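The chain below stands alone, shown as structure tokens; this is the form predicted alone.
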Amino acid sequence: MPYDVTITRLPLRALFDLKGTATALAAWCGTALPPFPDRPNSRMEAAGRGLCWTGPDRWLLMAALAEEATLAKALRSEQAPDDLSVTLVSDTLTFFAVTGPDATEVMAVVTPLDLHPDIFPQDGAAWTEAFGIRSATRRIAAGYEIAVDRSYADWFEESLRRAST
């Protein structure tokens, strides 16, 4: 029985992997960053930029691709102090949206992540695995967004389609 979902490959976006304490990153990056999330595996958004708290002193900054050059200049990765790491990773991940009434059922096949709203709420964002490979998952309004290394993108898209039928 096919699930009632839509699977969409999403356009490339600006992505920066940030390592360091929230205090040190806020001081270094200033207004280039949205507010820091207040709990692990969550996301904050402001002015079209999203910041995910993905691990101890680990963050993923997401924005429209058109902002990549502006953000790269503001974040000054090549000048970052030794206790920080700011790395442009835009071309490393491919994103997919799994949306629709049965999105949670399909995602239960895809990932071992506990997607119950009490555990993974509306602002949930986490590194996990999907079909056995490393992935980033977050809730979106109509379902989930999931990212995998771009070298797996075609295989992953086909696997999503098979899981939804």
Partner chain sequence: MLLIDCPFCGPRNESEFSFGGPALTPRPSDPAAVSDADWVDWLTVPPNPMGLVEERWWHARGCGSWLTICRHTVTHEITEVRLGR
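Just so you know, these numbers come straight off a predicted model, no measurement behind them. Positions refer to the first chain, counted from 1.
Keep in mind the form predicted together with its partner chain is missing from the figure; the text below concerns it.
Distance criterion of 4.5 Å from any heavy atom to its partner chain in the predicted complex singles out Pro112 from the list Gly30, Pro35, Pro121, Pro112. Out of the listed residues Gly48, Pro40, Pro117, Pro101, Pro40 is the one that sits within 4.5 Å of its partner chain in the predicted complex by at least one heavy atom.
For the chain shown alone, Ala97 is not a contact residue for its partner chain in the predicted complex, no non-hydrogen atom being within 4.5 angstroms. Heavy atoms of Ala126 reach within 4.5 Å of its partner chain in the predicted complex, making it an interface residue. For the partner-free chain shown, Pro40, Asn41, Trp53, Thr54, Gly55, Pro56 of 30-56 come within 4.5 angstroms of its partner chain in the predicted complex, judged by any non-hydrogen atom.
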